[in-house]
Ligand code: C2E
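Before any questions on how it binds or moves, here is one chain, the form predicted on its own, in structure tokens.
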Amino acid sequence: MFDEFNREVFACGEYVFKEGDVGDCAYLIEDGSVEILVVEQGVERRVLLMCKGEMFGEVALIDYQPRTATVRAAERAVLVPIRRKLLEELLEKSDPILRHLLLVILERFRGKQNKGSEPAVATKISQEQSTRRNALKGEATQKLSLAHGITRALTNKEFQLYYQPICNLLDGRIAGFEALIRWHHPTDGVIQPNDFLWLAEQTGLIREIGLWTVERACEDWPTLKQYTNYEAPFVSVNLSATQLTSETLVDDIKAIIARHNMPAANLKLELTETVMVERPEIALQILNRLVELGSSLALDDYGTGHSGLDHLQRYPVGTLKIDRAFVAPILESTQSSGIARSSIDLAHLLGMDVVAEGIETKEVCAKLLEMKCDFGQGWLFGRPVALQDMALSHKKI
């Protein structure tokens, strides 16, 4: 029987299921206890008593084969069913490595249960399940391989920074550069950041990558600044959400800029709205400390994330970057033009300067200049290039 919370209540002596029944769920014991029974020579024998907080029947979550034991309420028992369908839907949204490991563990447990007994007869669904599990195994293996590759890349110096100029729209001078990471894979060639940084974020490897990026940008700065005569030149480096949960981030950056004799004011740290949403209080503390250190902050991808107005008011942001999604169509789209113009006006009202991303034509540049945008970034001014190729794209000052 069921109550309004979809729990199942069994009276003392009532069977939950019997050996040979086809199962579709596991059970969590919320109250009471159940006994696990096996039949030996035609007689039921208790092999285990399970109590509140324990789970049983979990093998049914991975297959449609018969139950291998009988379960009976040893006293009034309140059970919470965990349906296979629910688990499958949750697993579909979870990490493939975790899904694969869970299924392997459950299958091994099933194998131990069946040891010495006749194998159960598979149903028609087994082939479909086998196909799905093989696909899952392949996805998990691929992801593990990528994670190992990222670790190897850090050790073998396979990562490289490319730099894209950020120019003053009034006179076209290079004001700074954004550092963009590339992975020079030994067999796959150049891998773009979108193809691996998501996994680095999930696995925590982004902390090492992030510090490496700051280190390399500071190391390259003496060469980079030869390509600009701007009054307050800078190099921008991206911060991730995971980095903003690290208590040592500020001290690590402080040590890096000291090691390379780099003025903190020349280092600009870019972050997205998502970074601040995940751990707002911790993020605020760390960002305030970074500003106190002398660095400045830029809010990237403005307008594409969460509650941007709140972030502009709450966090010590000095630069607003308008996403290319609003910049590219400003000549044809009244909406995009309005968003760009209002963003620029708001940023200036709050004492910030503005960088428009994705500028590819002189016409778009002229429109942004008319809107009083401060800086621009995009193919019109230069594509991202490696440090050694900078001389081919820009003249030293």
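Quick note: we count residues from 1 along the sequence shown, nothing fancier. Worth saying up front: this structure is predicted, and the values here are computed from it rather than measured.
One more form of this protein should be noted, the form predicted together with this ligand, which is absent from this view; the next part is about it.
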- Contact residue in the predicted bound form, chosen from Ser246, Gln164, Thr203, Asn266 - any heavy atom within 4.5 Å of this ligand: Gln164
- Query: Using a 4.5 Å cut on heavy atoms, which of Val80, Leu197, Val291, Leu87 is close to this ligand in the predicted bound form?
  - Reply: Leu197
- in the predicted bound form, which of the stretches 311-319, 280-288, 205-213, 71-79 has residues with heavy atoms within 4.5 Å of this ligand? 205-213
- Query: Taking 4.5 angstroms as the cut-off for heavy atoms, does Leu368 touch this ligand in the predicted bound form?
  - Reply: no
- State yes or no: in the predicted bound form, is some non-hydrogen atom of Gly23 no more than 4.5 angstroms from a non-hydrogen atom of this ligand? no
- Should Asn261 be counted as a contact of this ligand in the predicted bound form, where contact means heavy atoms within 4.5 Å? no
- Message: Whether Leu180 contacts this ligand in the predicted bound form should be assessed with a 4.5 Å heavy atom distance threshold; does it?
- Response: yes
- Task: Taking only heavy atoms into account, state which residues of 228-242 are within 4.5 Å of this ligand in the predicted bound form, ordered by sequence.
- Result: Asn238, Leu239, Ser240
